Structure formats: structure tokens, C-alpha cells
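Heads up, the chain below is alone and in the form predicted alone; it's given as C-alpha cells.
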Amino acid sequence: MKPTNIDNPEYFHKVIDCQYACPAHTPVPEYIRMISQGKYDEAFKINWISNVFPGVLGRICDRPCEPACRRSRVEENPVAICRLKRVAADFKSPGADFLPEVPAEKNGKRIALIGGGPASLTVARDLLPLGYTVDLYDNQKKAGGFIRTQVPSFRLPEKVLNEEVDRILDMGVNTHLNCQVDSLKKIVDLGYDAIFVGTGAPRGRDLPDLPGRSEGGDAIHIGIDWLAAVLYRHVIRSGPKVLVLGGGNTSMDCCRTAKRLDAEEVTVVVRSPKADMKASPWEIEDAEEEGIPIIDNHAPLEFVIDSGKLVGMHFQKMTAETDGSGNRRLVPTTEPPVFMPCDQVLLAVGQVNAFPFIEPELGIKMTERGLPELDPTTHQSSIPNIFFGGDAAFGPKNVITAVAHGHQAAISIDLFCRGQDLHDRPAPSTNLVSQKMGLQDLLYDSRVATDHRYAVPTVDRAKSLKNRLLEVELGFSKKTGHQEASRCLNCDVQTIFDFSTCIECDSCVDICPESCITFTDNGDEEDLRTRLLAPSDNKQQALYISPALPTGRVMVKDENVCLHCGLCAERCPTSSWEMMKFTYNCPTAGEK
């Protein structure tokens, strides 16, 4: 293998597993380190620059960072990265000044944002400091998009959402709320320099062909519409017996909300095995802890109507089978249909995109899935000055992905408005700084010890189930937040190897607790992975290869196994190993 090029900024970025897994690439270890030092304002600012909504995402993020966390390779549970984000938001100073300056004199370019969700708000946040005039159109009375209408208050209090949305709007967004955009052509005709469409996936899937659907009438609801109706108090009570169909996060929100609206029995029914549910594991756990059963492997057959009234549903039991090619599919069993009584059904079986406001004559090319044809890097549509992001771009995802889309679209809009190549994008800003502080001390806490994940305290369940506005999770205290932050293994502090001073004494090999360092003859990657001291079976993470040493051997370090503890740097008699903090910040609009 060739020596590793550690000058490539993406090399060490990929080693910081949590940051790499985050769609917005938030510098996770850096803000967690700030929390461990009690620097909550700094931790919040790091988050706000990257993920824009620390208080919101600290409560409802899908947490792609946590399955990637290196702590779970030492013990069962990863660092509570998401909940630590909330710590930064909860304990920042009320008057902390971290907002960029927005120039009073504008640059003459006007941008329209259609939809007031996280993607559009991110675009506004990135473009306003550059002097753009930003107009936001949304059909709700307050911005926030589907975070506002689909996420129950017991998970995300309205006060938190308002604070984070208003922080952006107050930067100078011209809002057109309660404004239904029914014609994109009318927006185009207003002469905007660029238009961003962030309207989400606003339509919930129905089951129109299921027998009894039309006869069920008002007893059958689309889940996302029902949640919005609850928010606006059009619905204040649920039926006594409620069935929720679907296995995603919307289903979990529906069933827990119904429980808080005095439902006597709430049951979730899914077609697939429980292990295949799309809902986040913690959302499923929360629902079950509130006494909500989840029945898997049952496909809906019909709504049962008696004397014009919904009385239940029939389901077909399913089983998962694997064919000769290893593909698994659900097939019905030979067992008779199962009847489940109910008074109300909430359909949470998926969401789809809808663009009724886009006239065909505009010429925006659409895919067979009904989505716009976009450049995946620039988010530019077939009409050069119209861009898409969030769920409206590539289908339903999550809030943090919408934020990432907003950042990329803002870069593209800025480049477009300045007449530059949209693919000549700014590079990430990186830095590599030594953590050495004397012979034996490091600037960061390098101790690795078993330290189990701390539980997030919650309100009394009896109180929570009686009040849909009462937030269930209380969040970490400063003390517990510090303890949880201390579990972070500082994966942004890299082990840098200087082959020119190495005497091949094997001191680093001897002291490494994970046996991730091997001095051996070179070879191709597949061969090298079989000759390392520790099993090297994760090919998604790189091997760090040195140039040839005086003996002809090379140093090979498996980045997947390393815990960044710094013992190799402490032990090395020639200082061939050095711990250096690698900072990686994604580019934003306006950067060179």
C-alpha cells in the first residue's frame, strides 16, 4: 500500500466517526469538550454554525452520529451526543452574542424561500450576512414547517421552537406568513434572482383501496394531518380505542399523542417484523414505556363497518421469508384474518411529496417518483435559478438532513448570483494543532475508562400522560452533562506518526490497549488486514500506512480500532507519535 496522505482533509474527517456520520458534519467532539469544560456558550455557537437548531435537534434529532460513536466499541452504549446538544442550548447565557453581522446595505440580490421549514431557514441564515434580501413564504401563521405541526409539544415545547426560529427571522427575513403559494410562476414573475423550494413532503399516504376506507369517514385520519389538527386544537380528544398503522416516527408521535388525549387503549400495528421498523429505537422504547403495545407482522385487510360506524379492522398475519438470492420479503401466512376492535384509526404509513403549485409549463423536469431532477451536489433544478432542499428535494428524511441541504443550497445560490461555477465550491476549513503540553501531559483528557451512559431524567409519567404540552424529558443537569461529556473519546485528536525518527522499538505496540499498531512488511490492503495484531474487519475505515522504515517494514495503524488515548505518544522515546487535534468545519456560503 502507498503511504497515507494525511494532508487530504477527508482522511481525518472520516476518522471522526460521529462528525462524519452527521449530514451537517457538526464538530461533535469539539462542542462536547466545551461542555465538559463548562463553556456552554462556545458549545452552543459551534452547534448553531453547523446544525442551526441546537435546542430543537437536542430533542428530536434522528441521531445518525450515535451509532457511529467510537465509545460503543468500548462498551454497549454510545455517548449521548444528541442530549448533549440540548445541554449546550439549555445552559448558554441568555445574552450570548454569537450572531453574524447582517449588513444594512444589501447587495441587490433578492431570494425567495417557499416553505418555512428547517431547510429554508438554514438558507436564510447563511445568505443574510452576505447582504441578500430574503423573502420567506409559508402557509402557516408561524415559520418552522413540519417541525411545528408534526412534532408533539411533549417532545418539543413550542417555546424552544419559537426561540430558534425567531433567532433567524430576526436577522432580517421578510416573512409572508399565512400565504399559500399556489403558483410558482407567480413567484418567478416577481423577478427574484433565485428561488429555493423547501416545502417538505406534505402529503401523508392513505389506504384508499382498502375496503371500508370511504365508509369509515371521520373515524379514519391521516397521521400528519391529525397531529397538525391536535396542535391547532381542532382535535382535543381521541377515540376510546385507537389503532395506529405504521412503524415510523410519525406513528410513535401519533400513538403517544392519542394516549394524552384520553384514549383508553392505543395499539400500534405494523406489517413488518418489529426489528425492521423505521422508527428510531428510542422512540419505540418511549412508546412502549407508556404502555402502548406494538403488534408486528400484521398487514391491514379492511376497515370493519357496522351500521355506518367503524368498529375495527381485519389484519392478515405475515411472515418474513428469504429467497435463494438472499432477498427477504413479507408473505401472508395461512392463518385466518385477525380482528382488532377500534373506534379510530390513524394512518402513519408514509409521506409523499406534492408540488401542486408547480405549473408544467414552467419546465421543471421531474422524476418518475414525482421529485424534481436535481444536481445532487448543487441542488439546482432544470431551471438554473430554482433550487430545492429538505424533503422536497430527494424525499422524506429528517431535520438534520434538511439543514445540510440548506447549507449546500445557500452555497449554490451565492455562487449562482455571483455568476460563478456552481461546482467550484469552497473547501472545508481545517487545522491540525499539537496537543502536547510538556513531556507527559496533553491538552485534552485522554483517559479511557468504562463509564456507562447516563439516563436522561423524565417527568412523572402520570403527569405527562395527562398533559400533551408537558415535555417528557427534563434534560441533563450541568453535573450529569459534564459526566456524560467526559465519556467522549476525543476522536478529533489524531495520532500523527513521523517515520523519520522511528527506531522501531515497538514501545507503542507494547502499550497500545487495543493492539491497533503493527510493524510489518508492506502488502496490498487485503493481505495487510490479515496480518495485523487485532482483527481488521471494518473496511469502511482506513489503515494508516507509513512510508518505508529503515528495516523495510511499515507502520500500520487500524483507524477503526484506535481509541485516541495518546499512550503511544506518551511512551515513544523519540516522539515519533504526536497527538494533534484535527478541526474540520464545513464551508458555508460566501467562503472562498
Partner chain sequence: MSTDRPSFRHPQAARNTAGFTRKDYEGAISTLCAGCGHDSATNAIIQACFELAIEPHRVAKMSGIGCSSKTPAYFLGRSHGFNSVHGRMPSVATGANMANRDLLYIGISGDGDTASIGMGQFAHALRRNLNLNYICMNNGCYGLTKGQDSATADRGSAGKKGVPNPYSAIDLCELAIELGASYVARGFSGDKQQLVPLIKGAFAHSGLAFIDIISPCVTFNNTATSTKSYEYVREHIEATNTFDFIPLQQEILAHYPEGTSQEVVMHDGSIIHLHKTDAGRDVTNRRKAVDSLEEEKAKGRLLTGLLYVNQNIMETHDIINSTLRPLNSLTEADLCPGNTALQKINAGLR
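Because the structure is a prediction, the values reported are computed rather than measured. Positions refer to the first chain, counted from 1.
Unshown form predicted together with its partner chain; subsequent notes refer to it.
Residues placing heavy atoms within 4.5 Å of its partner chain in the predicted complex fall in a single listed stretch, namely 71-79, out of 361-369, 419-427, 71-79, 247-255. Looking at residue 37, you'd find every heavy atom of it more than 4.5 angstroms from its partner chain in the predicted complex. Contact annotation for residue 322: none of its heavy atoms lies within 4.5 Å of its partner chain in the predicted complex. In the predicted complex, its partner chain stays beyond 4.5 Å of every heavy atom belonging to residue 217. Although the partner is absent here, residue 524 is not a contact residue: none of its heavy atoms lies within 4.5 angstroms of its partner chain in the predicted complex. Only one of 504, 163, 206, 498 comes within 4.5 Å of its partner chain in the predicted complex through a heavy atom, and that residue is 504. Here is the short version: of 341, 103, 513, 332, the single residue with a heavy atom within 4.5 Å of its partner chain in the predicted complex is 513. Interface residues of 516-543, taken as those with a heavy atom within 4.5 Å of its partner chain in the predicted complex (partner not displayed): 534, 535, 537, in sequence order.
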